[in-house]
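Just the one chain here, laid out as structure tokens, in the form predicted alone.
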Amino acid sequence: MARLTHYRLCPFSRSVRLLLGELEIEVALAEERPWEWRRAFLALNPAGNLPVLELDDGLVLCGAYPISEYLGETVKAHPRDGLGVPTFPGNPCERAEVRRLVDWFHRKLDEEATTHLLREKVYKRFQGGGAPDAAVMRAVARNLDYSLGLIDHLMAERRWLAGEELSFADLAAAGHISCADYLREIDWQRHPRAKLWYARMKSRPAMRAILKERVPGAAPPPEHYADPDF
């Protein structure tokens, strides 16, 4: 069986776990605490980033971009029903829009919000680094709000973020939004269309499995966290 090395509150890991779940590809999960920089993990992926997918044939894929692109190239139909897969659907223009939004969430939102949020509210907790920096958290809140506003805008015109079909753009966004929601950093009342989109994401079996998990040693999520009818 293939193995995915991940961390429960890593948005990149969550996006790949969602994709694997949507494709009904079973993998063994190995959890890695990214702030530890273990030598054994660096031997597997010298870049030190998550997730890492080890396939049965020995191929090792490091990072959400290579993993999603590999699955997009190699899995052309759903293994159960032969229908389309939620990776990069559509024509070249539509696939370009999927990739634009994947880059928005996996690069822009991560650099401006998620990576700082995790460091301030999770990594510091385990490393004994003190309370979250208030100025950083204010910036995180502003940048999260901006990306949620983008989702509001997109969902006013589309069925899913990139168009009429579920795609890796939705899974990438859900990876980041679910981490922020776990850490109580989203005001859903300000973003009604984003909330409706996220409720649909939370109803999907692949997402429900992730939402059941809790992070040992971290503060619990809000009561609405796993409820699709929140």
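Note that this is a predicted model, so its numbers are computed, not measured. Numbers for residues come from their place in the sequence shown, where the first is 1.
FYI, the form predicted in complex with a further copy of the same chain isn't displayed, but the following is about it.
- None of the heavy atoms of Phe41 is located within 4.5 Å of a further copy of the same chain in the model of the complex.
- When a further copy of the same chain is considered in the model of the complex, Arg142 lies well away from it, no heavy atom lying within 4.5 Å.
- Taking the partner from elsewhere, Lys121 is found to have every heavy atom lying beyond 4.5 Å of a further copy of the same chain in the model of the complex.
- Residue contact with a further copy of the same chain in the model of the complex: Tyr146 places a heavy atom within 4.5 Å of it.
- Although a further copy of the same chain is omitted here, in the model of the complex none of Trp188, Leu196 and Ala209 has a heavy atom within 4.5 Å of it.
- With the partner removed from view, the residue among Cys93, Ala135, Ala131, Ala156 that has a non-hydrogen atom within 4.5 Å of a further copy of the same chain in the model of the complex turns out to be Cys93.
- Comparing 175 to 183, 64 to 72, 198 to 206, 25 to 33 against a further copy of the same chain in the model of the complex, the single stretch with non-hydrogen atoms within 4.5 angstroms of it is 64 to 72.
- Heavy atoms closer than or equal to 4.5 Å to a further copy of the same chain in the model of the complex belong, across 27 to 60, to the residues Pro46, Ala47, Asn49, Leu59, ordered by sequence position.
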